[in-house]
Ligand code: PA5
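So this first bit is one chain, no partners, the form predicted alone, shown in structure tokens.
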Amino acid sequence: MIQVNTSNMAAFVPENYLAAHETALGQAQTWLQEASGAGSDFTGWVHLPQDYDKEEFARIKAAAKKIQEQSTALVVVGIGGSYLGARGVIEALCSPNYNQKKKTTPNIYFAGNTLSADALNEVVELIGDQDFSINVISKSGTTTEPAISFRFFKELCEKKYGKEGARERIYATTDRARGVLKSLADAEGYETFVVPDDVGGRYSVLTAVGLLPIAACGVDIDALMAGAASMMETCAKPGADNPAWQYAAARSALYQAGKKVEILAAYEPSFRFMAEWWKQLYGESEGKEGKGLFPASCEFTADLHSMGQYIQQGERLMFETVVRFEKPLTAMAVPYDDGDGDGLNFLAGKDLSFVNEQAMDGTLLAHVEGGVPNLVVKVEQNTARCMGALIYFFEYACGLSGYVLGVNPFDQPGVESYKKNMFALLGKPGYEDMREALLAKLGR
């Protein structure tokens, strides 16, 4: 289902780069498989596609069906790993225009990922008079953005349906036993799903965190998990034939060769939010101790008309990883035009996917010749099964990459710095001294 082509980076790295990484990759493989490396408390995702909670999985599907029957809108309240994976899968498999399409499944609105009043109010206006449900996702229940948003939507839900009606429409995905959100859910009688203790947010898309909103859209989550399970078996086998080893070694070799930015690109607009999920996955996992590739993304061919110039001739600090779907889902032949004013009749009758493929190949050659190495991750087709495999592939390769880099791939100590400053400036109790110091720095 997933293959990695590294031939277009050969001129930029030593010929034996993969063999040179085998010892480090072997150690990383052991740490992941045996949960014995740094951050091992958060490696529950490694065997998740096989060991997931089957009873909860059945409840997720039942809750999704109930949401579909009760509501024409679902508000997903979460930030970071609590929403990017779900949104990525939904847009990739159901379209970025999912809410505008005719369908029997509910519209999905994402909230709690910003502190913008305009953005929050827009979601409220879009819901309007629709019957809606809420899936609030937070391990603790105290993360600022989703906690504030949930206050608004909880109030809206209770005003519309009353306390009794609201409890039938609010689903909390949170800690198994503790935390503010878990306590609230138990007190109010919301159905709850678990954010596993041993799975960090950015690795959680194949848990209830991602599966409930994905299932509510009608995506076959059995197929999603089956694809992940298949890739889990592939990645469990150490050696040069392992695609996750190939990707991790290539990234490391290019980083050692002086490349500092990795651009993830795809030639499908629907892949945009999968790239956003990927950026968090790799950015939070590797970006620490003054190390790590900077993860960026482009949407081709659109961004070739904006970022293409820089990629072709700017600083030679980057390489590209292109996700390429091998079998298109749609066939569309280019029409013949009598006037041929655009001079494109030579394409008449050719399938648009063929044109897209030539654009991929032409771009790859141009960028490589311009000094930008290319990795190609080949995915059989844009289906739920293949998407599950791709998710697991990127997660496993990320765990390997972090260990090879020499960092803990499962913590994010730097994330808290801005939060402390924000709390102090907002006047949160206990931050008084810090507030005064920060206000002085700001000249207030």
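Numbering starts at 1 and follows the sequence shown. Note that this is a predicted model, so its numbers are computed, not measured.
Keep in mind that the form predicted together with the named molecule is not shown, yet the notes after this line are about it.
Residue contact check for Lys419: one or more of its heavy atoms lie within 4.5 Å of the named molecule in the model of the complex.
In the model of the complex, at least one heavy atom of Ile79 sits within 4.5 Å of a heavy atom of the named molecule.
Using a 4.5 Å cutoff between non-hydrogen atoms, Glu284 counts as a contact of the named molecule in the model of the complex. In the model of the complex, the named molecule lies farther than 4.5 Å from every heavy atom of Arg251. This chain is displayed without the named molecule, yet in the model of the complex the stretch 139 to 147 from 185 to 193, 102 to 110, 139 to 147, 361 to 369 comes within 4.5 Å of it by heavy atoms. Proximity to the named molecule in the model of the complex, defined as a heavy atom within 4.5 Å, singles out one entry of Thr30, Ser40, Gln68, Gln412, which is Gln412.
Here is the short version: of Thr234, Gln280, Asn356, Gln312, the single residue with a heavy atom within 4.5 Å of the named molecule in the model of the complex is Gln280. Interface residues of 191 to 210, taken as those with a heavy atom within 4.5 Å of the named molecule in the model of the complex (partner not displayed): Gly201, Arg202, in sequence order.
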